[in-house]
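Take a look at this single chain, the form predicted alone, given in structure tokens.
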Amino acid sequence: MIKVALKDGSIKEFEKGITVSEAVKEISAALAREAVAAEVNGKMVDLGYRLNDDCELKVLTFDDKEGKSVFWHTTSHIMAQAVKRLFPGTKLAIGPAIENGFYYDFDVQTPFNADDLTKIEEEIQKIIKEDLPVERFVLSRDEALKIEQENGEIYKAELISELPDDAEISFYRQGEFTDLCAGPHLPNTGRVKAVKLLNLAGAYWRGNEKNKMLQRIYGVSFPKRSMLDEHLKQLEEAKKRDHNKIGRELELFMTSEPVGQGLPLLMPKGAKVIQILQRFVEDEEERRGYVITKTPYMAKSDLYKISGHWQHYKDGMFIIGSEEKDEEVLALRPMTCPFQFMIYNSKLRSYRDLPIRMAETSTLFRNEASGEMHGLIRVRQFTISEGHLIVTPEQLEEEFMGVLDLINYIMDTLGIKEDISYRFSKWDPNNKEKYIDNPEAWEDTQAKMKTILDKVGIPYQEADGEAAFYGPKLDIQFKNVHGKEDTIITVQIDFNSPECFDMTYIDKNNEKKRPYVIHRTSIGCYERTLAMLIEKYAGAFPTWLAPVQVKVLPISENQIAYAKQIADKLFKLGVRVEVDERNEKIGYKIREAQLAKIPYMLVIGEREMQNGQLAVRSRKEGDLGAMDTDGFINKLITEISTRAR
């Protein structure tokens, strides 16, 4: 007999060699119906896995994040099986579960179309009805490589060839279909009850634009039809709030093929929102003791070699010139830190000078892969609220907490604090190429950051392998309307740069010491923040952020002069105002202003002009009726100055 510790802390005894599925049935018949996989001593396993020793067992259902991943990954295999049945010459690439479903990349002679998706979905339903058992088996590296090469699966063969010689290489078989996979999977295809293939996209093999373009099919699946119906409703709502759609409709930004991918053009209204945000952030940073810098958009490779970016981040940079051909090689900056460190080193520093808080509204350049770019969220040129704090070890905790206070204040003002989450991103000691090889410094710095985070009391998740190459970081995460999580703000503790740049200060004992560096953004990338705000408010920005705050709507030509007087008065008070002088019916003008998400509409007819009043319509409160001009102005200015939402 073996002892199995369950999630609730209880201990159950089972006969040695029992499968997870059999054990779960003994625990609860209801749980057995819901189970999709399990964790044994923290390792994900199939329900057919045999328990041979005392262990901890966590049963996974679709309600668990890990359970959804198993469910969706199995469905990606079902979809691949359907594709192979319908298009036998197709070569398989990868088919992972993602945050809200799954995809699979295929190499096909003729690109898929909408009709093909319908056929594939119908074939998926057939495979589900066949209720095929899903079986795992293991092969040696040589055997696995031979099979995939004989089957012409060049992408699978490439993946296998890169695995260590002693790697356990597992496959999953369902009916006539077999696929290389680490698993785990559902026990049979019939467990999937509802599937929807969502869309097609192109995707370079391994995300590298130098590789072949593959066909990617996205989909989602559920254990109940009602869950799929609810999900599809949410997707429809997400489409309505998608910043790509709303941003173009409201003329906030556009893209242009001749300009290039990942290089959005901010139109006057979008640029105005960015300007408002930038002024807000810069003023708040100055109030909190930051000094501003202005540094070049490019530098010689020498600077990036000192910082380590050349060694660890070169592929993500835009490089001008060639080390083989040119005497001087330049690169557009992917971040501002090396430049600000040079400013710090421009003179000898005392402990009395620290902390030094440097901020810059920085335009940065990163060579993102074509398949990764999306609207304003992931672009090749962007502007960021970048800053670096040079501090003594004794100041590290207080300054880090000050950074968090600034970020939380800005997020609260924007109205998105309740939508963010925190991730403590740590290094991966096994990845020597990605990170600075200094285990002692990593452990010490991560311990310091964890102490600070626990003291502040913010809820966070830990993520190995997500740190910057020079230090751990706190990532502030936000989900877009499609459920994809993006990092919007980072705070990093850097133990490496002070050493690389020989940054020092003179302490109280007149000795040279190394400072710590805190890298941070306060609002993150302005373009990404704009995308986030568009989706948060569905384009209906709070009045203080709206590119046009008031639209004055004269009913006829007789009121245009008076309307302009009102607009001029508002303009002189700093209000962003427009007059609709068009010879259109007032109902049409009102509808146009509503579609443009204008916070306030001032309708002016003969009666309002004679009485010195305004007929006020609020986007949020509806028809407010007649108001005297000064009364409306006081209401508006208060709303703007308090940044009310």
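This structure is a prediction, so every number in the text was calculated from the model and none was measured. In case it trips you up, residue 1 is the first one in the sequence shown, and so on.
Unshown form predicted together with the RNA; subsequent notes refer to it.
- Among residues of the shown chain, C525 is one whose heavy atoms approach the RNA to within 4.5 Å in the predicted bound form.
- Contact check for R617: a non-hydrogen atom falls within 4.5 Å of the RNA in the predicted bound form.
- Among heavy atoms of Q594, some come within 4.5 Å of the RNA in the predicted bound form.
- Looking at G202, you'd find a heavy atom of it within 4.5 angstroms of the RNA in the predicted bound form.
- Using a 4.5 angstroms heavy atom cutoff to the RNA in the predicted bound form, none of A80, A182 and L396 count as contacting.
- Partner proximity in the predicted bound form, defined as non-hydrogen atoms within 4.5 angstroms of the RNA, places exactly one of 581 to 589, 56 to 64, 41 to 49, 22 to 30 at the interface: 581 to 589.
- Think of it this way: in the predicted bound form, the RNA has a heavy atom of just one of I147, A97, V195, A369 within 4.5 Å, and the residue is A369.
- Scanning E282, E123, D107, D486 against the RNA in the predicted bound form with a 4.5 Å heavy atom cut-off leaves one residue, D486.
- Within 4.5 angstroms of the RNA in the predicted bound form, the stretch 589 to 610 places a non-hydrogen atom from each of I590, R591, Q594, L595, V603, G605, E606, R607, E608, taken in sequence order.
- Between the C-alpha atoms of G207 and A463, a gap narrowed by no less than 3 Å is obtained in the predicted bound form, as opposed to the form on display.
- The Cα-Cα distance between K210 and F469 is shortened by 3 Å or more in the predicted bound form relative to the form shown here.
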